[in-house]
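Alright, here's a single protein chain in two forms, structure 1 and structure 2, each given by itself as structure tokens.
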Structure 1
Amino acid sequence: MGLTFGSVTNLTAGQYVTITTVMTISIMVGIWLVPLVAKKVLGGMINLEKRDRKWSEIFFNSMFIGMISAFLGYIFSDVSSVFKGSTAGLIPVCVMAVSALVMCLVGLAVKKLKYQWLSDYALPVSLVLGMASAIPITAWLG
């Protein structure tokens, strides 16, 4: 098409239509695949539960843990920058630790102080305080 990645200043209408067509076709897999396979996949899950209830429960927990593990790994992806003298890679790790600590404190308040209403807000509170902690942590390590 005569375009060089990262150095496009002007697009023709034809080039723009080509790009939007390519991206539209490429990104919409889930939209057409879910209606075709969702019933079968979820039917398989129901059969799995009928065959072995305990394994079915472990199966679902494993899926959630797998997803969370990938993001926890990502949070540590810049940690190796410490060996090059930069502490910026520790910022997401510290923010994650603050958020986890807040979640533990909220959990303790719910259990020990019987603040049941607080459990509904545990995740938003840990999210907001974790994000807020990023401001001083970045000033410190950034």
Structure 2
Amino acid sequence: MGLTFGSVTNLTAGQYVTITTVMTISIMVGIWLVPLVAKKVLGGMINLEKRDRKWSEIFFNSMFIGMISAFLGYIFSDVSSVFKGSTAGLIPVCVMAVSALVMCLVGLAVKKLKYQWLSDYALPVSLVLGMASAIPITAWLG
């Protein structure tokens, strides 16, 4: 559309409608594909587990590591900008560290203080506090 990143002030109504339509359709495709594809994928994974338990564990673990690697690649992709004088690349790393720290603290509260009810909220609490920490971290490192 000929826009530069962050130039929201020059956005026309047609451009806004195009952007929101593309994003909405893209998000909805994911929602529609889960019921259609997930059952077949789950069936294949169950069949693999029935045939060979060891290979199924290797497959599941490699899928998990691949998913985590994709997220970590995004988080650490701009860290090298620190060598150019910009600390903005550290923001995702610090947010991840805060989320991990919160997750560890919640895990300790569940284990040591016997707050079993808190285990259901560990992921949402760590995500929300991690996102909330992005505001002061961005103001600090921005």
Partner chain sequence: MKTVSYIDRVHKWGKVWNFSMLGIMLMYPVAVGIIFKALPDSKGLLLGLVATAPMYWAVGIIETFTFIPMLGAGGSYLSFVAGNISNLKLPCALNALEQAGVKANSEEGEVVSTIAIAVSSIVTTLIIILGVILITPLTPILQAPVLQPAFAQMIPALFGGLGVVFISKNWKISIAPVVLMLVLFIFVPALNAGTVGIMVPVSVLFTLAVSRLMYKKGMLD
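Numbers given to residues start at 1 and step along the sequence of structure 1. Here, rigid core means the biggest group of C-alpha atoms that superpose within 1.5 Å across both forms. Fair warning: this is a prediction, and the values are worked out from it, not measured in the lab.
- Of the two copies shown, the first one, structure 1, is the form predicted in complex with the partner chain.
- In this overlay on the rigid core, residue 29 has a C-alpha that sits 2 Å or more away from its partner position between structures 1 and 2.
- A movement of the C-alpha atom of residue 45 reaching 2 angstroms or beyond is seen between structures 1 and 2 when the two forms are aligned on their rigid core.
- Core-superposed comparison between structures 1 and 2: the Cα of residue 57 travels 2 Å or more.
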